[in-house]
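Here we start with a single chain on its own, the form predicted on its own, put down as structure tokens.
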Amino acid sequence: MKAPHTCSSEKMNPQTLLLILLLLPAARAFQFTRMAQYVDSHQEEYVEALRDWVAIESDSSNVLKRPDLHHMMEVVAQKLRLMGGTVELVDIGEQELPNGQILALPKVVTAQFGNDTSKHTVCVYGHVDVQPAKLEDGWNTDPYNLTEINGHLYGRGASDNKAPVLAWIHAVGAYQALHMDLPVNVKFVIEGMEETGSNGLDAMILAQRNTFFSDVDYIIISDCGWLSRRPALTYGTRGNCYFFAEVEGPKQDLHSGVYGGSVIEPMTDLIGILDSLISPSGKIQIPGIREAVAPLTDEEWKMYQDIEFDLENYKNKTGVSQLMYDNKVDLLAHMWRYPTVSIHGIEGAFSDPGTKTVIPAKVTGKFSIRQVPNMDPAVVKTQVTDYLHSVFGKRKSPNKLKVSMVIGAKPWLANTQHPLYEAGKAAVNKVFNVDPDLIREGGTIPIARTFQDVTGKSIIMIPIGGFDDGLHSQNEKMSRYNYIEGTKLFIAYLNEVSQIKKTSV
């Protein structure tokens, strides 16, 4: 009698092979379900980790908090070390303060998990410094004591950017805990100066372009938020050109009763030229600015039309009775893909309570122009400087005008047809069972453009923060739901990226 046939890898019949191939997707789904259950069962541990991080007052703008910032970076590095990562604290030099004081910049944490050359390598960027916060600013809870109310985790830095950084770390940790191979190699770059301009980071990225970043295929940033309750993928940010316009007149401040009517006042000149920047309807009046903007395409219009966005909710959230535009597409376009002028303040002017009757001898107006693709900060600097001097010249004033651009951050825009975004859509669908909105950010994340220009790698922004998280404001929060489901999203995304064909760039 013939011995029963055994299926070895050498003698597998076609029917058995087909069955295995058909079952592979189910195996992947089962593994994700198992990982999602692991995340759910460890969510209290994740919340406690966020509580520990929020308790560290890592305010990068306050030099007195610099020791806390150094400690924060050590805490991040140690967490990654305990997970078995190859971790380095990269010295990025020193910072000179306006008073001449020299301070060490917080070191940048880099880490690597996996070095399988047959796999893609992704690099996750995040930051763990925060904006200033004090209870007396109007917080309902201690900003540095994570407080849960109705499923929301309140604390400075909870959403921007400590919870997203932790969610990425926990995503890697979940693979490890369940003894599953990471589907891709994962690198981390975590800094501590993002809220004050990422001092030293550009130079560090340039210096490590051919070392740490040499094998990176894709870069992921999660320092952003959803537009509504629908999950989103972010594919663009505006840049920022920030200007000082200084008008100087008398040698010292003057009494308005004694000298008013006899001198041409710097403040009057300044307000006159600032008023010339933008019309009451929001039209930028500087020649060449609007002409440089790429026209809105039919495809873009359709994308904006499909985005979930409620104008009335937005109006109520901002506390205004009227918006600049009364339809969704126009408003989103002017928030994301058109430039805007914002006037931020006047240095040298009297701003304290009371009635000081002074004519300031020198005042400096501060304003910014958000950049969009096709705009070049160097060109914008020339356009603004020439225009303001032209307007000022027509005033026939004896005062002196000096215009300077102190920030020139470029915009960033990605191709939504790139496989990174297809992977993002698949991951969002797996976790939330909806298609994500494809959105842009009106604000500026300069590091995205730096990564793009220096490394040449493709970038995606995957937010998990809510639309109402209150970044930089009082009562900043991250919802428990977004934090936990965001961790699952990152787990799913790593798996989706692993399936991108190696030929994709």
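By rigid core we mean the largest C-alpha set that fits within 1.5 Å across both forms. All values derive from a computational prediction rather than experimental measurement. Start at 1 with the first residue shown and count on from there.
Quick note: we don't show the form predicted together with a further copy of the same chain, though the next part is all about it.
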{"query": "Non-hydrogen atom within 4.5 angstroms of a further copy of the same chain in the predicted complex for each of R51, D142 and G151", "finding": "no"}
{"query": "Candidate stretches 449 to 457, 42 to 50, 473 to 481, 65 to 73, one within 4.5 Å of a further copy of the same chain in the predicted complex by heavy atom", "finding": "473 to 481"}
{"query": "In the predicted complex, the one of G93, G257, P287, G84 near a further copy of the same chain [non-hydrogen atom within 4.5 angstroms]", "finding": "G257"}
{"query": "Listed residue (T416, Q208, N429, N240) with a non-hydrogen atom within 4.5 angstroms of a further copy of the same chain in the predicted complex", "finding": "N240"}
{"query": "is_contact(R370, a further copy of the same chain) in the predicted complex, heavy atom dist at most 4.5 Å", "finding": "yes"}
{"query": "Contact label in the predicted complex: G249 to a further copy of the same chain, heavy atom within 4.5 Å", "finding": "yes"}
{"query": "Partner proximity in the predicted complex: D352 to a further copy of the same chain, non-hydrogen atom cutoff 4.5 Å", "finding": "yes"}
{"query": "Any non-hydrogen atom of D137 within 4.5 angstroms of a further copy of the same chain in the predicted complex", "finding": "yes"}
{"query": "Residues of 354 to 380 having any heavy atom within 4.5 Å of a further copy of the same chain in the predicted complex, listed in sequence order", "finding": "G354, T355, K356, T357, V358, I359, P360, K366, S368, R370"}
{"query": "After fitting the core, K366 CA displacement of 2 Å or more between this form and the one not shown", "finding": "yes"}
{"query": "Yes/no, L277 Cα shift of 2 Å or more between this form and the one not shown with rigid core fixed", "finding": "yes"}
{"query": "Y218 C-alpha moves between this form and the one not shown by 2 Å or more, core aligned", "finding": "no"}
